[in-house]
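Below you'll find only one chain, the form predicted on its own, shown as structure tokens.
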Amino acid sequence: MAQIFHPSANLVAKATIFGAAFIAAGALWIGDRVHRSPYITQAQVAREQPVPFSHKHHVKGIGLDCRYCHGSVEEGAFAGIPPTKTCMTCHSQLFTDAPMLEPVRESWRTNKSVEWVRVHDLPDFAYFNHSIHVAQGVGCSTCHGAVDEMPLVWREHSLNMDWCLACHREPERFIRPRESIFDMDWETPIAWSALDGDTRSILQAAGVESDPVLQADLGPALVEAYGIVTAQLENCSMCHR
């Protein structure tokens, strides 16, 4: 029987198969990039709020501690959104006629909460407890970035699972002394004299007395002292309950 297809059809068939494979791989790669992009994660995108509250002004400028507004961050799963009375502690005396603060004054008059826009909002299937992370040496800026430099707050990181797992798999790269959790300027290397007595004792027990202290030495010592078990941190049920 005569050959139906020209021999060159073999080349076309192979090119089509390989081309389809590359197109499929490319589509998957593009989908992954889109999924991780600010368009989806909203990372690095400042959120409009009913009141243009500036963390840069209140934290960097005035020097307010995170806990002044986020009072439950050390004891609760949720860091807490400050009630209107917290705002009015100052603004019943300062900038009392400022137009931008009218939603706060209206909230105070009507006893209705200001409807703030949630910036860091995890899916319902992911369990997260602020107090656990604070107790284990995870600083505010580690997850939230340089909030003290943000006129309007944005999400610093994607909050995707792989971002969380980077810390859960290697907590020694990220944790800091508990007394420095709310220090927005914390960084290593850090001078030995800048550490408090408890942290110096932890380092000495681990055989570390270098000056300055590197994260490579500080992290493992704190992981041991704080009883952090990495194997447990990678258990699915830690976050998906």
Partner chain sequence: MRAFLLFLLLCVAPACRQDMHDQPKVEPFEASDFFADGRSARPQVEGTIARGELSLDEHLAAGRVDGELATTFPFEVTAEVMERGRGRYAIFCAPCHGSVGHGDGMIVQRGLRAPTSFHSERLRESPPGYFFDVITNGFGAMFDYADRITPRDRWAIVSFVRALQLSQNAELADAAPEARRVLEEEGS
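From a predicted model like this one, the values you see are computed outputs, not experimental measurements. Numbering follows the first chain given and starts at 1.
One more form of this protein should be noted, the form predicted in complex with its partner chain, which is absent from this view; the next part is about it.
Might residue 109 be said to contact its partner chain in the predicted complex, defining contact as any heavy atom within 4.5 Å?
No, residue 109 is distant from the partner.
Indicate whether residue 99 is a 4.5 Å heavy atom neighbour of its partner chain in the predicted complex.
Residue 99 lies outside the contact set for its partner chain.
Any chance residue 68 has a heavy atom within 4.5 Å of its partner chain in the predicted complex?
Yes, contact at 4.5 Å.
Find out whether any non-hydrogen atom of residue 122 is located within 4.5 angstroms of its partner chain in the predicted complex, and reply yes or no.
Judged by the heavy-atom cut-off of 4.5 Å, residue 122 is in contact with its partner chain in the predicted complex.
Whether 74, 80 and 85 jointly form a contact site for its partner chain in the predicted complex is the question; each needs a heavy atom within 4.5 Å.
Looking in the predicted complex, the three residues 74, 80 and 85 all sit within 4.5 Å of its partner chain (heavy atoms).
Looking at 27, 45, 64, 216, which is the one with a non-hydrogen atom within 4.5 Å of its partner chain in the predicted complex?
So the residue touching its partner chain in the predicted complex, by this definition, is 64.
Would you mind picking out the stretch of 151-159, 166-174, 137-145, 89-97 that comes within 4.5 angstroms of its partner chain in the predicted complex, counting non-hydrogen atoms?
Partner-contacting stretch among the options: 89-97.
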